[in-house]
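Subsequent text provides structure tokens for two forms of one protein chain, presented individually as structure 1 and structure 2.
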Structure 1
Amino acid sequence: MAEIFVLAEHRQGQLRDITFEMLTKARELAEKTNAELTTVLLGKNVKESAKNLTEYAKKVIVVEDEKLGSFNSDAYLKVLSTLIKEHKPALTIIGHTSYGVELAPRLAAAIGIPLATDCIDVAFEGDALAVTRQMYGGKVNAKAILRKSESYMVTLRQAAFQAQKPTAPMNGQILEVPSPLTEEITTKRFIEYVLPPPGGVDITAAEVLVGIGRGIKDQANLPLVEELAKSLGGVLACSRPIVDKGWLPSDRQVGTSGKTVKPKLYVALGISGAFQHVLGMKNSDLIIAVNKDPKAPIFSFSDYGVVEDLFKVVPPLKNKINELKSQKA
């Protein structure tokens, strides 16, 4: 039976969201092609993570080694090339992350198989693999058919797929494989993991985001919307014009040139909805937009929309939220 490999990505002992997004798409492909879904987990002391992955895949290949304690593309290259040559999976899926961008091209070149990067969709069409990628800053979706090969490799864009648990646990088998790393990796080594500075905000981890755009008009109005974000238990994010003006740091920017987010709630205030911004937040669970222009593109992607000046909406909304919270206290 053909196999589909998914490389599990983890950091600081935690499986990352991209892992479950890839597994969701891979499970769909496996069901359509009658292939076996296999997760590959490399690391040190990862047995607990391996158990979690058995819910999502039929097989979990685990390679434990001190040299795999932190991501090192040289070490991953040696281990994965060995596994892929041995198992010959029909498809290997890697996240289009800082890890995957460094690893996948080298790995595909070392094995000699076709690679498509930054894909937002992938499907088998007969014996060939079809991938969808975005061009011209996301204005065009381009479909490409890769040359026929026994095995393919792709990197999938973060948040391109909504992570979903299988309707029934897969009860996968854990297969522990000896590490092929016999020598120390001397060309590259992990030094340290640098956390964001104190007070820094990771908008990709926030469950509630209040995004602001040109409609905020002036930097002096930031405290007003920041108070709303705090009332909702969230943090402030923004579109590119706000960063260009220097009103918020670049780590708060949502969009193709910023960060891709998928909070439970995204409130867009004074954001027109340019495609560059929408691509970064369209997978949010619930999107509420406030804009005085009824033709603003953001309304096409919103679950709820308010056609009104945000300065007439934000103060009473903030007061009402605080009132409800005080009643529950």
Structure 2
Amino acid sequence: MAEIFVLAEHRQGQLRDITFEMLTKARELAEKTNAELTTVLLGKNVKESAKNLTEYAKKVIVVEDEKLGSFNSDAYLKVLSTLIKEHKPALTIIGHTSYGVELAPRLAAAIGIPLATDCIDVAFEGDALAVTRQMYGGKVNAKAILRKSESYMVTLRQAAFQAQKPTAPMNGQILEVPSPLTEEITTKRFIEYVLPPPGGVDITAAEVLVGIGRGIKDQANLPLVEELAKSLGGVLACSRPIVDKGWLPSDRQVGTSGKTVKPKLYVALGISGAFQHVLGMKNSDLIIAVNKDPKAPIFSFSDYGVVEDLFKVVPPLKNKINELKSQKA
């Protein structure tokens, strides 16, 4: 019977959301192709997580080793290539996360099997594997076919699939496998986690956020949007490019590598809506987006859209809000 592998991702003792998202998609694929669903858990003292995973898979392969105590892609690579060569799963699924991005391409090349990364959909078409992935910052979708192989590998985008529990627990069997790591990993060594220093503003607590992106063009334009935020009683947040340029501190960044926010109002100015940003703000109560490109992905996640130059809309908007407030006062 064919087998589908899902690499369980965990950090600091916690299974991460992507693990359950992958298991949900893998369950669907396993049912359709009559394959067995196996999840692979590598770590140290991970018995509790292993037990948790038995609800989601038919088999839980557990490899425990001192050397797997924190994520090390070279240690993972050695263990996984041993397991994949032995079990020959039809498909191995890994998260398109910071861990997965470091591990999967090198692992696929080392084993010699084809890989598609950052997939938002995966389907077997006979013995071929078809994937859907996004290009050009989410403006175009691509359907692609992987080179024919007995064993495939994909990484799945975070939050592309909604995690669901199986209708009945799968009562998976835990299979403890001795670690194939005989020698120390000398190529790289984990030192520590680093948390960014706490900043002055907590955007996750704000009721109104004005989010700015590339469309803001120049640091000199910051005061204008800052004033709008102030008029609305809110604060400025931003997408990644603004932090990369050093225009706002990293604690203002919304998205996968920043904060997840859920304000009453999110005004997106000059943000195209790459998924990394959208994941951090799509659950806001009301979203109004201003962008010059009518096809900007942000409009698919907004309640109201304005296709216009933000510098034409922001000044009258700010003035009208201030007028209204002075009338009330």
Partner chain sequence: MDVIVCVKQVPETAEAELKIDASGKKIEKTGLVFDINEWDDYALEEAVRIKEKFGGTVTAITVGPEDSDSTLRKCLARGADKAIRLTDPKFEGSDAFATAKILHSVIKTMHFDLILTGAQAGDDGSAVVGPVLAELLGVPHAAMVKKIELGEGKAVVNRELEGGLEERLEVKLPALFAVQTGINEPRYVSIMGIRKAMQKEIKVMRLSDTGLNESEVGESGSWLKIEKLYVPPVEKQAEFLQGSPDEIATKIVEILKSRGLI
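Numbering runs along the sequence of structure 1, starting at 1. Take the two forms, find the largest set of C-alpha atoms that superpose within 1.5 Å, and that set is the rigid core. Just so we're clear, the structure is a prediction, and the values are computed from it rather than from any experiment.
Of the two copies shown, the second one, structure 2, is the form predicted together with the partner chain. After superposing the rigid core, the C-alpha of Q14 moves by less than 2 Å between structure 1 and structure 2. After superposition on the rigid core, displacement of the C-alpha of R27 between structure 1 and structure 2 stays below 2 Å. Superposed on the core, the two forms barely differ at G112: its CA moves less than 2 Å between structure 1 and structure 2.
Relative to the superposed rigid core, G280 shifts its CA by 5.6 Å between structure 1 and structure 2. Once the core is aligned between structure 1 and structure 2, the alpha carbon position of Q253 differs by 3.9 Å; this is the C-alpha shift at that site. Taking the rigid core as reference, the CA displacement of V306 between structure 1 and structure 2 comes to 14.7 Å.
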